[in-house]
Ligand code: HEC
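Next up is one chain by itself, shown in structure tokens, the form predicted on its own.
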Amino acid sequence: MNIFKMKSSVAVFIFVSIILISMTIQQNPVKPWPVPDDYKNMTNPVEKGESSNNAGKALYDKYCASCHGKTGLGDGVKGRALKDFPGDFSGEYYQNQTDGEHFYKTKVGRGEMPKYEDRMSDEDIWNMVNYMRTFKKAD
């Protein structure tokens, strides 16, 4: 086999692998996660803005990025080893939920998602919610 055919074969293999991994990530549905109405209807008391986003980013990078990925796509290094897909925070499913729903899920946790009520203050969680609202799908 000549070098050109070998390079072409490797390129095709890499391309197909990327497509398959991408499809696997996209086809992992998020399991329904019911949130009590008291939380669902909560109003975020922390004002959105640069200060909150900066605080939220520091906390997100420390506690969340390893599973959820730097940009919230669910592609963090630890996330790949989880039984359940950690979710894509840039998509409509996440972005259409209330701040209270995100607060509850972060505070209380479930399954492989740890609870953070003993690790950070409510204000810290609200800052992370504000920061995660900045995640958007790339055009």
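Residue indices: 1-based, along the sequence shown. Please read these numbers as outputs of a predicted model, since none were measured by experiment.
The form predicted in complex with the named molecule exists for this protein as well; it is not shown, and the discussion that follows is about that form.
Only one of Q97, N54, N44, T71 lies close to the named molecule in the predicted complex, with a heavy atom inside 4.5 Å, and it is Q97. Of the heavy atoms in K40, none are within 4.5 Å of the named molecule in the predicted complex. Residue contact check for A58: none of its heavy atoms lie within 4.5 Å of the named molecule in the predicted complex.
Looking at G76, you'd find every heavy atom of it more than 4.5 angstroms from the named molecule in the predicted complex. Of the heavy atoms in M113, some are within 4.5 Å of the named molecule in the predicted complex. Contact residues in stretch 81-109 (any heavy atom within 4.5 Å of the named molecule, taken in the predicted complex) are L82, D84, F85, P86, F89, Y93, Y94, Q97, H102, K105, T106.
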